[in-house]
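First comes one chain, alone, set out as structure tokens in the form predicted on its own.
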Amino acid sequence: MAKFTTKPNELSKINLIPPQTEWMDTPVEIKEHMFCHPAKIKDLETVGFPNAREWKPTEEDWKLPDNWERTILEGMQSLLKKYRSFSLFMDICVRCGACADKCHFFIGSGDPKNMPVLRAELMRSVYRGNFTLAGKILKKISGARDLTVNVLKEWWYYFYQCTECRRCSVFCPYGIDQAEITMMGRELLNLLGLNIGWIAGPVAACYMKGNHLGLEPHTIKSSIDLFVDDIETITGIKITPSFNRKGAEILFVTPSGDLFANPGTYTAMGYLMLFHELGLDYTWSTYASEGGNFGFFTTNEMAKRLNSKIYAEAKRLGVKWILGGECGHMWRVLSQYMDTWNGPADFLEVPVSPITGTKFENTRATKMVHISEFTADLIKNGKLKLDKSRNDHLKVTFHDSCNTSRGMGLLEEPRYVLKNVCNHFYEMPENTIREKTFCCGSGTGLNASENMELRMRGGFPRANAVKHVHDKHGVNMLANICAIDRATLSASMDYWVPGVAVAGTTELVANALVMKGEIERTLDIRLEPLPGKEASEEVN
């Protein structure tokens, strides 16, 4: 695949003129830079996914298994019986179009099949043709069609142009959740081995090693040791983390991206500094070393299998409750699925902050507290000494991650934290934040390198809102509470809004945190001079 070289001023010229033909008569055109590479055979075989093989989306023959149509239709019948929501969503849409212009992929591409209502029709039309009397009799007149190879290719192409962000569902008068339809579509495609590499790879790695990146226990410890060295350089304080320690009060679980690459590593440094300052009785696990869950983008059963490791490790170590780091889909899974899949966690206690005494009643089911909730409670109760001026070189805005906002309702806590650690905080336009937030454009396993046009088109609406506050207020930092957002928005900002960096909220907390016994701080967490300390750093 050739390198993506299209310039922003060219990509922003979006053609909204629909095709001359009706959507059923407009064949799918699989375009370069708009799709991810297929899954590798070894990754599918590792987790027992069916029909592993070599195939290429750009080739005519996808090497589909025999009787693939029956496999899909029987799979659809099974899902319709298993999930009432899926059955309901196949029937109740009136095609009002309220969702049409709400999808960031439609806004960024102008492709009608990226309107949520039409993307759902790709599957709904096959449902009508095979599972409704009207569809069987009236066929195309009733909006029904047969399941053909071209229809299957259309499914694959467009169900992997949806990040399951659920923005469309906020505006749907019937509450149809397009994410659920995409999830069912991907689950059916998975039956034919039509998965993508940047989902199947992390799933296999997490299944075998406990985290998406396949990090071994000694690698995890080595990474954190490097963070500890940098923290000592910045603060003069030597931190000694705890690993796999039985009897700790708290198990800390965070996405593995925080251990591997910038800017997530700065967020991990923030965790370490905060916990040390509090004297928190916690431990990391090098086995349940992943909060995220890419299984959620394949099948519900795989998501359940990967999620179970968190409770299994909490039970093995004998902790009282679980504290979780900054991750988007980690928290949607935990808030909406974990108790049903792997609960009840009756071997754990309802979390109580050992620092403030606050009982987190909202976590009674899962026994897991989000780091933003935990930190906001600390600040509210005056348990942290903070110097906001250390972030004065930053003009900050906040990106609501789709899964923590729409999927979890975590809206005010991170804002409360940011306003207490930064003097310069600015909100993006109201219709682009909180429940109406735009997606990063690369979630649900789409954050690969080969589909860069898709990523930049999907990230365009969010970037446009950032550009607004960048131009109006000079915003130069986009804070968030999601590991995938930190990874994908960095590329999106570089492309659409150069000069705006991306950070986890806990990184900015660490900058402002005044630790007991620290040396004079001249560097921020990125080892760059703090405001007003440039001269002293030059002397050193």
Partner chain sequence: MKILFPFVAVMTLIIVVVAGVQFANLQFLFGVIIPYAALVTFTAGIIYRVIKWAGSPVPFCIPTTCGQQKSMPWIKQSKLENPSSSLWVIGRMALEVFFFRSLFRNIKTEMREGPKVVYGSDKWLWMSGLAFHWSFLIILLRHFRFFSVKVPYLIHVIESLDSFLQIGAPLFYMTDAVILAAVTYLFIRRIALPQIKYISLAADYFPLLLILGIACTGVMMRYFTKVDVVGVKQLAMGLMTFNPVIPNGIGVLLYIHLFLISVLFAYFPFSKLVHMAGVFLSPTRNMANNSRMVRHINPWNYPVHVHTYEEYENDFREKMKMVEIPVDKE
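Computed from a prediction, not measured in an experiment: that's the story for all the values here. Numbering follows the first chain given and starts at 1.
Heads up, the form predicted together with its partner chain isn't pictured, but that's what we're talking about next.
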Segment assignment from 156 to 164, 94 to 102, 188 to 196, 273 to 281: heavy atom within 4.5 Å of its partner chain in the predicted bound form: 94 to 102
Contact label in the predicted bound form: residue 146 to its partner chain, heavy atom within 4.5 Å: no
Residue 22: touches its partner chain in the predicted bound form, heavy atom cutoff 4.5 angstroms: yes
Residue contact check: residue 74 to its partner chain in the predicted bound form, 4.5 Å heavy atom: no
Its partner chain contact in the predicted bound form: residue 127, any heavy atom under 4.5 Å: yes
The single option of 175, 382, 247, 357 touching its partner chain in the predicted bound form, heavy atom within 4.5 Å: 175
Triplet 309, 369 and 436 all within 4.5 Å of its partner chain in the predicted bound form via a heavy atom: yes
Contacts with its partner chain in the predicted bound form, stretch 444 to 469 (heavy atom within 4.5 Å): 460, 461, 464, 468
